[in-house]
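We begin with a single chain expressed as structure tokens, specifically the form predicted alone.
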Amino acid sequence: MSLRRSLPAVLAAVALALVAPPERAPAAPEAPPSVTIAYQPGIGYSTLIVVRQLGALEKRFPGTKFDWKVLTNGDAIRDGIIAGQIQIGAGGNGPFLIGWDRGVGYKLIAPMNVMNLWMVARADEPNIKTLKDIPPNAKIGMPSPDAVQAISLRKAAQEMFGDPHKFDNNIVAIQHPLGVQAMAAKQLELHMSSPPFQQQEVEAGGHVVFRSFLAFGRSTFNSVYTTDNFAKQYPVFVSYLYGQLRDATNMLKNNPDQAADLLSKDSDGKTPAARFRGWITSRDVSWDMTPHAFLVTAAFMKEIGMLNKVPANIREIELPLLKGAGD
């Protein structure tokens, strides 16, 4: 009798077990516990600086600790990403392509701008008017031998002299602000940097000898990038960052006064907003999230031995967020 009485209860328990939903695995975190974002000096990083000043990432992901670092060049950022100390980097296409080639797993989140980079000669070097006038012992400052400045110079040297490495021994690796000081102290004959440093040197009496657009045409200068693994692990975070970069780009293009105020705030007021506004709206500066000239630059770098392979297409080096745009 007891068995017959308990049977309905057993059957009911079995039925409940069959229809009960399985336990769900814990949701993957939208962002990691900490994120280090590294960029370099100059208004070429204004898009990221605007994002930083607005604090949008910190508000959206309050459980994440954000560390913003300003490093000297793209090589240092690449080393930090390889070591797992940096999750988001920003820099020129040269170090980015080298990292991609070496298996770092780089993917573009979004380019930030297109800028024409100038090589400036000191005021007391009036005879250096073109690349043909550069003396054999002249020192040319730039961020690194892998920087976009160096690659542009090699492209021009190949076309002008048939030797892309003609000026390799002239290159002095130096970060932009120190390069400006070195020019003033007559420790460099020439300096190839970026806005606003190149404008400051011309204002001090220097003159332009070479422009990067002569090498590869209208080219992306700086981009924000991460690794494919990080993007796949934290798609919500990366997508949100992309959206903030887009909003900052629109501000730089359509509301330069607001952007200039934020950039001045980032400099602790040392540089007036009006000065920043002039720089971010100058003729050789545009804010553009489409990749430009990556593939032609990669082809040249492989031709001269800086890369072992080149991307088959632009999608190979960018995240799906960019939808295959660019070249």
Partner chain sequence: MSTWARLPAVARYALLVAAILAIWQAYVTLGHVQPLLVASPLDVAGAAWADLKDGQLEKATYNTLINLILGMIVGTLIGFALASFAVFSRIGQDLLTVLTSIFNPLPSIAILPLAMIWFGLQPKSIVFVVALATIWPVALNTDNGFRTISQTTQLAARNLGLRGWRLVTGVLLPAALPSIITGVKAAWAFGWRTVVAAELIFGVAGSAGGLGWYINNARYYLNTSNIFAGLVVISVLGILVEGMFGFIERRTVVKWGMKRAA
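On a predicted model such as this, the values are computed, not experimentally measured, just so you know. Residue numbers count along the first chain shown, from 1.
Omitted here: the form predicted together with the partner chain. The next part is about that form.
In the predicted bound form, K155 stays away from the partner chain, with no heavy atom inside 4.5 Å. In the predicted bound form, the partner chain lies farther than 4.5 Å from every heavy atom of T130. For P235, no non-hydrogen atom is located within 4.5 Å of the partner chain in the predicted bound form, even though that partner is not displayed. Within this chain, Q199 is remote from the site of the partner chain in the predicted bound form, having no heavy atom within 4.5 Å.
Note on the partner interface in the predicted bound form: the residue among L71, A138, A173, A184 having a heavy atom within 4.5 angstroms of the partner chain is A173. With the partner omitted from this view, the residue of D168, D228, E159, D124 that lies near the partner chain in the predicted bound form is D168 [heavy atom within 4.5 Å]. Only one of 145-153, 191-199, 109-117, 211-219 lies within 4.5 Å of the partner chain in the predicted bound form by heavy atoms, and it is 145-153.
If you take 206-239 and check each residue for a heavy atom within 4.5 Å of the partner chain in the predicted bound form, you get nothing at all.
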